[in-house]
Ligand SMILES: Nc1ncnc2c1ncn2[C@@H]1O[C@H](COP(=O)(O)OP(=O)(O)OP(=O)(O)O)[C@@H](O)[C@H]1O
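The chain below stands alone and is given as structure tokens, in the form predicted on its own.
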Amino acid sequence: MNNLLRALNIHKSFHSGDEEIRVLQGIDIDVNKGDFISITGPSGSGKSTLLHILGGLQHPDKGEVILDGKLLYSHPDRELAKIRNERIGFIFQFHYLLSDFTVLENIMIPLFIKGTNRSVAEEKVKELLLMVDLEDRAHHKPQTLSGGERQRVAVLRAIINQPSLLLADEPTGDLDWEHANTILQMLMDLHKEKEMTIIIVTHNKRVAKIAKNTYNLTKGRLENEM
């Protein structure tokens, strides 16, 4: 069986005063190991909300998320946090790097949470930094890096535990096209070389084209554009 992730009849609403805003209205999606999927849609369509639900960050109002054959939200909070740290990688539009920590330390954080020895963690991070030409930035603070460099660091932090699923939420939205291309190439390389399963959400059709399978989220529904 090649199925990694399933979402069944996902519903999610928010309230603004007395008004109920139905964001997701019965989402179904099957994700197989090695898939590269993009989800497009206008701002406010619920793309980020769906990604957060798929990644265990936000409970749906109704429906189920199944990861590796097990109900994701049946796990207690501590176990769910462990799954997010070790099996699901997250990349966001804004890098969310910790300004008081160096590049090396920022990337090592998921390894520390996992309980990895510091010397082992450092070696793993240095290998990744070498692969993306950031080895000379290892001991720099994030605020001294360019936007593209900070986002590359965020990608490395997301993949340091070799997650089975990588979720990217508008990962190039805050970058110029040159730096965006660098991030997109990293994602394509991870998919090709590591056979990593990737879901990327974006409002940018140009970015969405790097995926093998594209869905459009509109009016709370998901349509496969192939």
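We number the residues from 1 along the sequence you see. It should be emphasised that the depicted structure is a prediction, and the values quoted were computed from it without experimental measurement. Take the two forms, find the largest set of C-alpha atoms that superpose within 1.5 Å, and that set is the rigid core.
Just so it is clear, the following notes concern the form predicted together with the ligand, a form of the same protein that is not shown.
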query: Contact assignment for the ligand in the predicted complex, among 44, 26, 34, 173, heavy atom within 4.5 Å; finding: 44
query: The ligand contact in the predicted complex: residue 203, any heavy atom under 4.5 Å; finding: yes
query: Distance check, residue 49 to the ligand in the predicted complex, heavy atom within 4.5 Å; finding: yes
query: is_contact(residue 93, the ligand) in the predicted complex, heavy atom dist at most 4.5 Å; finding: yes
query: Partner-proximal stretch of 66-74, 35-43, 191-199, 173-181 relative to the ligand in the predicted complex, 4.5 angstroms, heavy atom; finding: 35-43
query: Sequence-ordered residues of 151-169 touching the ligand in the predicted complex, heavy atom within 4.5 Å; finding: none
query: Core-aligned C-alpha movement of residue 73 between the shown form and the other one, 2 Å or more; finding: no
